[in-house]
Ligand SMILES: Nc1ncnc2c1ncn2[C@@H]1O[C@H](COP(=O)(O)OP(=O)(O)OP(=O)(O)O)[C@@H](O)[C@H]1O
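The chain below stands alone and is given as structure tokens, in the form predicted on its own.
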């Protein structure tokens, strides 16, 4: 599989404070990587680093084949709040994912609109195309922003907590769609839901100031201990239950 990007001995942070240290990581076509770790451990900084929003203080982030990242990524950020009174339709939100390619002209060809409608059909929101975003449920809003991330036909789709504030029906459909999309592109997904993420991803990156990469979707208790903090574990069995590591402070 062709390499999409690699991070080589990179450290990064803000205002002279390092958040991530000596990170080595790479992504190739059709990878499906789950990213987990404690709050404050550096997951957001890691995403900003590979998206090119911040530069490493040491080391490098390389993009392949030619170093151009402009059309490489589709990004679905955390969707927590949105101004539902803003007068924009679902279709226009999806088309805004092409702004990086079209600049500030805002002009969309009929082919762009056709592509947007095909993506929305795939995500099950085509019938909402002309609705204002203020009328959408949480799950419908997430689908809209997912379509926005997909319209540029990226090689790598990056999802930051995509199942936040959505119902179980949407979550199930989302993961089914991601499995399908993974045949066409690589995916990086940040999630706190360790039990769900290990069911769907192929490999896992654990981030807590450093990055520990596991070339499978299985995490042992010893590997969890590397977080140095209580992590929620979902245990599968005849009776649904959750196990929490003991807090000592």
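Keep in mind the model is a prediction, meaning the values are calculated, not measured. Residue numbers count along the first chain shown, from 1.
Although not depicted, the form predicted together with this ligand is the subject of the following passage.
Enquirer: Let me know the one among 30, 203, 44, 196 whose heavy atoms come within 4.5 Å of this ligand in the predicted complex, would you?
Expert: Partner contact (heavy atom, 4.5 Å) among the options: 44.
Enquirer: Is there a heavy atom of residue 214 no more than 4.5 Å from a heavy atom of this ligand in the predicted complex?
Expert: Because no heavy atom of residue 214 falls inside 4.5 Å of this ligand in the predicted complex, the answer is no.
Enquirer: How about residue 10 - does it come within 4.5 Å of this ligand in the predicted complex, if we only consider non-hydrogen atoms?
Expert: Residue 10: no, not in contact with this ligand in the predicted complex.
Enquirer: With the partner left out of view, is residue 23 within 4.5 angstroms of this ligand in the predicted complex by any non-hydrogen atom?
Expert: No, residue 23 sits far enough from this ligand in the predicted complex that none of its heavy atoms falls within 4.5 Å.
Enquirer: Indicate whether this ligand has at least one heavy atom within 4.5 Å of a heavy atom of residue 38 in the predicted complex.
Expert: So residue 38 counts as contacting this ligand.
Enquirer: Even though this ligand is not shown here, does it sit in the predicted complex so that 15, 78 and 161 each have a heavy atom within 4.5 Å?
Expert: Every residue of the candidate spot has a heavy atom within 4.5 Å of this ligand in the predicted complex.
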